[in-house]
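Coming up is one lone chain in structure tokens, specifically the form predicted alone.
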């Protein structure tokens, strides 16, 4: 199973790189012009979020360097160890629904500390891709269209984040253990 997944992952990006321009050409979309316009928008977005990511990375690094993170994780390690779950990913599950920049900074810190091919790095990356910033989405998007009663959406969003968190751990432990 892992061998098949590795082969698929090696060929997925080259296949997409070939497929997307061919499909766009088939649909008569100006591929290069559309790409350049999107890159301009993406560059502005990247510039605008850099201060937030740097701030969150500094805060997370300070939290870890102070020993507070180790103290927090020591409480949960005995509960998660029998399940094979690394306690280091628990703060990501709590942070992800709150802030995209903060969870990205924490994921970056985990990958820097443990490596991208470690179980912690794989689980953190999968959590990052399988969950959403529920509170941000509800605040910004619901506010933009004037929805005031969001309690059911909040419950469903947080429940889906919990399911995504648990499924990410389960899938990574199944595939990479």
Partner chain sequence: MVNWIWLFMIVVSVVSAAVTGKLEAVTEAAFDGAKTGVTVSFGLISILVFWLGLMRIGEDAGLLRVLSRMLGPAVRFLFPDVPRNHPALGYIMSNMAANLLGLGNAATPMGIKAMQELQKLNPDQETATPAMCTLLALNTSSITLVPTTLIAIRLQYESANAAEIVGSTIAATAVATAAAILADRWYRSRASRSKRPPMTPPYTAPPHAGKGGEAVG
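Positions refer to the first chain, counted from 1. Rigid core (definition): largest C-alpha set, two forms, superposition within 1.5 Å. All figures in this text were calculated on a predicted structure; none of them were measured in a lab.
Note that the form predicted together with the partner chain isn't included here; everything after this is about it.
In the predicted bound form, the partner chain sits beyond 4.5 Å of every heavy atom of residue 93. At the 4.5 Å threshold, heavy atoms of residue 98 reach the partner chain in the predicted bound form. Taking the partner from elsewhere, residue 175 is found to have a heavy atom lying within 4.5 Å of the partner chain in the predicted bound form. For residue 104, a non-hydrogen atom is located within 4.5 Å of the partner chain in the predicted bound form, even though that partner is not displayed. In sequence order, 95, 96, 98, 99, 100, 101, 104, 107, 108, 111, 112, 116, 117, 121, 122, 125, 126, 128 are the residues of 90-128 having a heavy atom within 4.5 Å of the partner chain in the predicted bound form; the partner itself is omitted from this view. A movement of the C-alpha atom of residue 136 falling short of 2 angstroms is seen between the shown form and the other one when the two forms are aligned on their rigid core.
Comparing the forms between the shown form and the other one on their rigid core, the Cα displacement of residue 117 stays under 2 Å. In the core-superposed comparison between the shown form and the other one, residue 44 has its Cα shifted by at least 2 Å.
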